[in-house]
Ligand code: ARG
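For reference, the chain that follows is the form predicted alone, supplied as structure tokens.
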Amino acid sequence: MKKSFIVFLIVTLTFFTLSLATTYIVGTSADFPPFEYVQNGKYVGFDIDLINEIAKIEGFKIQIRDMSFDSLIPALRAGVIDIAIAGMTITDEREKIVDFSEPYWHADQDVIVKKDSKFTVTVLCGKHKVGVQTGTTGDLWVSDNLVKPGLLNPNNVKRYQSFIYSLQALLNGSVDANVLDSPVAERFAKIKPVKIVATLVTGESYGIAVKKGNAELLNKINDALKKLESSGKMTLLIDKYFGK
């Protein structure tokens, strides 16, 4: 009788503790495979698994909220979301308005064209049309390195709310090339009729963003990232989505 009561008490306390766990709203842009995307009506991907592992380690709950990439930082600042994870590159400009975790991924930018195209890296110059996702580092790179020096007409930069729309524009011939993060370009090259014709070495690092000054939450995220690295779990996640 006593043993049964103790077991009941432990279960009850565990449930009560879990019910009191803090819930954080996590913003993402679920059009960025293999980091985040929708499959069978669920949010999946490397970033989604990563933030779930972080929540498990630190003992909090999460709710995923999908939105356009360029809405994530404004949503953080407004308190609509608590965390943003979306393959977001840590930049000086972004660090002025949000706080980032330690980097968890490193990437460059790739240029992709249709598989049957004869375009080379010169597709980024002249009268060609280049598609990018609004607010991404690909968008910024094209503006800073092609438009400002006069190598590409600003009217020929076509901005889209998601990489899926940008990719579709490439496939239907509305643009001649896309500039996007290398891991995503590599995935598209495997599953879509496109090919990579150039890699732009930008040396980017992805971080998880929180509202400026939220040191408590940032410390939790960084603590969990360290534990995932030391335990080997991070390597398993990388192998799952990117192969060994």
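Quantities reported herein were computed from a predicted structural model and do not represent experimental measurements. For every residue, the number given is its place in the sequence shown, counted from 1.
Although not depicted, the form predicted in complex with arginine is the subject of the following passage.
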property: Contact flag, residue 167 vs arginine in the predicted bound form, heavy atom cut 4.5 Å; result: no
property: Contact flag, residue 176 vs arginine in the predicted bound form, heavy atom cut 4.5 Å; result: no
property: 4.5 Å heavy atom contact, residue 101 and arginine in the predicted bound form; result: no
property: Contact test in the predicted bound form: residue 94 vs arginine, heavy atoms, 4.5 Å; result: yes
property: Listed range touching arginine, judged in the predicted bound form by heavy atoms within 4.5 Å, from 57-65, 215-223, 38-46, 202-210; result: 202-210
property: Position in contact with arginine when the complex is considered in the predicted bound form, options 83, 112, 88, 142, heavy atoms within 4.5 Å; result: 88
property: Members of 112-126 lying within 4.5 angstroms of arginine, judged by heavy atom, in the predicted bound form; result: none
